[in-house]
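First come two forms of one protein chain, each written alone as structure tokens, so that there is a structure 1 and a structure 2.
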Structure 1
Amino acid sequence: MKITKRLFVKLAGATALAGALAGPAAAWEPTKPVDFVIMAGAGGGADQIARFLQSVAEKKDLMNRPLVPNNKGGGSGAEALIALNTSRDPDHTILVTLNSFFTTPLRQENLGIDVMTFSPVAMMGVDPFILWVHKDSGITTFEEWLEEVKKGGYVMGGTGKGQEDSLVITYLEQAFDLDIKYIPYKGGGDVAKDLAGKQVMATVNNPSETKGFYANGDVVPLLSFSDERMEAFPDVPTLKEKGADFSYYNQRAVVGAPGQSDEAAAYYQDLFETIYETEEWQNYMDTESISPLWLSPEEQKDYWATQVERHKELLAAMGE
């Protein structure tokens, strides 16, 4: 009882702050387990984040009904987007997203998905990308890397054409006139492993997926695609320092199914704000090198609109 009360008070506060829906109506609460759809297969970066969020909700006893993780990674997240789009109970369906939230509907228009119809819940942070090589390559700077790639026959691994890392690689190819062979993998973890095993020569990967091998000294970071140098990698220059106006992040956000009621959306917004503020999540962002980027629901929608436009351009540049 105590928890519900506390939640209610928080929720009332949140809605008052947002200036919306201030009324005497009892706060909405889920009446059955919440379908917590994950836009990736089990074990990847997005999956780990989703399960971490779920565990925080569980540990802190934040919900009267559980979040039930549901991996739908098929077709670069198309499976998950379809599931949300056709959800019969949008009030009990939320989704953990990455950037395929923007790219997949653009690349597969026949799916008939408009992300702007989804309900914004929370932006939990953005995950930067880094260019990695194996230590045995002897390459330690971006310039040396460019030289090596220009010799030809260079092989990189990533999570698939049209996916986040491939957009970055395509940008590099075009900006620096490179020709790179791209091998698609199932997930970021597999990509990191095959870099450590020298099956591919370089990768563009989130720090969280590569950090084990980095800590062990197997792989070397050359360049980050963040706006500023990352705290965890102070010696790694950004692409911006190299004169190219380009940065790229993977969004770690939670969204609601299209057609979700305002009351339910307010509930989830408050829930994930509470999770965002926990020490657990703050520490997680720290150890996994995720950059904080808190956005209000309105700002999230604006962010989506700009990201959709940006990905249209990036995909067009790729020839998709």
Structure 2
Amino acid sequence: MKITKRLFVKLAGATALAGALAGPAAAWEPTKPVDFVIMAGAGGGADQIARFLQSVAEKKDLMNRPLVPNNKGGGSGAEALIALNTSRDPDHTILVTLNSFFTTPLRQENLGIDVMTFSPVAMMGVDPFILWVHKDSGITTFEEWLEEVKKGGYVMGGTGKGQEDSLVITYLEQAFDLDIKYIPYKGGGDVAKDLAGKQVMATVNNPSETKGFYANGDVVPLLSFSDERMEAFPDVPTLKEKGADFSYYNQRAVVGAPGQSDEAAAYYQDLFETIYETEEWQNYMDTESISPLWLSPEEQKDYWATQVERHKELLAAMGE
């Protein structure tokens, strides 16, 4: 068939008419429940946040298919990273992360995980760390704590090995010439529980993980690892006030599996931006002492690259 200008116009008109009758292309939506993987055990900060996000999505009727929380905290989060990296359905697999998103691939190179291949979805905020002791220890200041630790035999617990808690504790050891026995746990909830039960002597839990025990008067905050004093703990000094130029925060983010389609990524980005802007999430950040930090997908990738380099340095300093 010879394509003349007249025929081209007719074909174009027919195509346009067909498009008009068919209507706009439907945006991508999940066709089955979404695997909402959590790279930590039950009860910790990541687990609490994931389940809260799921509850907001359900309450606001934001999804046509549910988010299904799925704890995979084994191997300092390696279990979760492997699950996403090998997912057969990346469009229906997303992950709630913490800083083990950076540290675990660095410590376990045999996993073959490159976090830069994951899909950025949402940075929901950053969570500071606090040094906690049991009330029965009688310790009320950081200086008293240092004296007690230097007596020897001091035991602390934290989430994972080579993860956030152990990095912070190792920094304290190196900065103040301390020797601390460290016991790794699968999640921050168990860490906080064992401090309240006096199975360990101190922790560096995030505030949300220790909130209930603090409210009951079981534990005492001595020091924060934030840049400035926290509004919820105005009488708790920062480590920087003690002369150490160090602060540390846990990312509270959602990422998609490698190979996730652009359409699915856009769906989840819109979903979690909507959740971020809800009154429920804003109140949650306030009550759980999470610092707001919304980042665009491009900014998230830049943040990841920066954090990978920073954690290389921190791990090297602790001999990892």
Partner chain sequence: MEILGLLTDGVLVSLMPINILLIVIGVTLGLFIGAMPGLGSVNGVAILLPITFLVPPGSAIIFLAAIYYGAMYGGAISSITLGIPGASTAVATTFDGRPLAMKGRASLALVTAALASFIGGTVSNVLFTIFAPMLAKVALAFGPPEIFALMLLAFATFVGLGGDDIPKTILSICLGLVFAAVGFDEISGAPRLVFFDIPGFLHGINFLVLAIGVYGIGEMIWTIESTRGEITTTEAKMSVKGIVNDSKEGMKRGWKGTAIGSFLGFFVGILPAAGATPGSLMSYGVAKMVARKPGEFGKGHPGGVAAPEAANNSASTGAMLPMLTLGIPGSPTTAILLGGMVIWGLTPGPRLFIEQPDFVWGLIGSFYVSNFFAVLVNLAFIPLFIWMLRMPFTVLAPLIFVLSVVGGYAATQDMHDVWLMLAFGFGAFFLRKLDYPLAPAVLAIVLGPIAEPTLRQSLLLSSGDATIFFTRPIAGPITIIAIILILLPLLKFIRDKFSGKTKREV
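For residue numbers, the reference is structure 1: its sequence is counted from 1. Heads up, when I say rigid core I mean the largest set of C-alphas that superpose within 1.5 Å between the two forms. Note that the structure is predicted; figures quoted are calculated from it, not measured.
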Tell me which of the two structures is the form predicted in complex with the partner chain, please. 1
Do you see a C-alpha shift of 2 Å or more at P292 between the two structures, with the core held fixed? no
Tell me, please, whether between the two structures the C-alpha of N64 is shifted by 2 Å or more, with the rigid core used for superposition. yes
Please check if A253 moves between the two structures, taking a CA shift of 2 Å or more relative to the superposed core as movement. no
Keeping the rigid core superposed, can you check how far the CA atom of K32 moves between the two structures, in angstrom? 3.3
